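Consider the single chain below, provided in structure tokens and representing the form predicted on its own.
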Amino acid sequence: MSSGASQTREDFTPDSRDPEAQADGFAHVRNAHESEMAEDYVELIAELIEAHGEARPVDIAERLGVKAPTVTKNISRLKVAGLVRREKYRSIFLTDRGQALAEACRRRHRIVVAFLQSLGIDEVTAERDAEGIEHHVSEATLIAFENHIKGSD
């Protein structure tokens, strides 16, 4: 540092969890990251089907801001996972398992957005922030969010 300027730093408090608990926490986050793509895709596919009766790869690419080959690759992964069905050169549809995942994602998203708005966060910011939070929130936390929302009505 030059000129003797003082910098304030955030105090660092070491994690007091035992190593196994800390490793479990990191593993949970890694697993959530792995499922984000599938969750985003099935949620969007469900929305497109509701709005337009079908989900076309071109519409998915446009909404997610990715290129068509990325959508094709990810749809193939979802098909292998049993979440979507598709015939060559046709629209994409959710399997029962994919539909159930889409509904669970929609529920989580709705709760997180409502919780953030109950804290005074504007709708645009709450929607944007919920896109990340919804993939990492536990069922226990969602219930707490819902209880908070009900208490603030």
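The numbering used is simple: start at 1 and walk along the sequence shown. Remember, predicted model here, so these are calculated numbers, not experimental data.
There is another form of this protein, the form predicted together with the DNA, and it is not shown here; the text below is about that form.
Student: For a quick test of understanding: in the predicted bound form, does each of 65, 69 and 72 have a heavy atom within 4.5 Å of the DNA?
Tutor: Yes, because 65, 69 and 72 each have a heavy atom that approaches the DNA to within 4.5 Å in the predicted bound form.
Student: Does the DNA get within 4.5 angstroms of any non-hydrogen atom of residue 41 in the predicted bound form?
Tutor: Judged by the heavy-atom cut-off of 4.5 Å, residue 41 is in contact with the DNA in the predicted bound form.
Student: State yes or no: in the predicted bound form, is some non-hydrogen atom of residue 119 no more than 4.5 angstroms from a non-hydrogen atom of the DNA?
Tutor: Close contact is absent here: in the predicted bound form, residue 119 is far from the DNA, nothing within 4.5 Å, heavy atoms only.
Student: Do residue 86 and the DNA come within 4.5 Å of each other in the predicted bound form, heavy atoms counted?
Tutor: Flag for residue 86 set to yes.
Student: Residue-level contact is defined here as any heavy atom of the residue lying within 4.5 Å of the DNA in the predicted bound form; does residue 90 satisfy this criterion?
Tutor: Judged by the heavy-atom cut-off of 4.5 Å, residue 90 is in contact with the DNA in the predicted bound form.
Student: State the residue from 114, 37, 104, 49 whose non-hydrogen atoms include one within 4.5 Å of the DNA in the predicted bound form.
Tutor: Result of the distance check: 37.
Student: Which of the residues spanning 103-130 lie within 4.5 Å of the DNA in the predicted bound form, based on heavy atoms?
Tutor: If the 4.5 Å heavy-atom criterion is applied to the DNA in the predicted bound form, 103-130 yields nothing.
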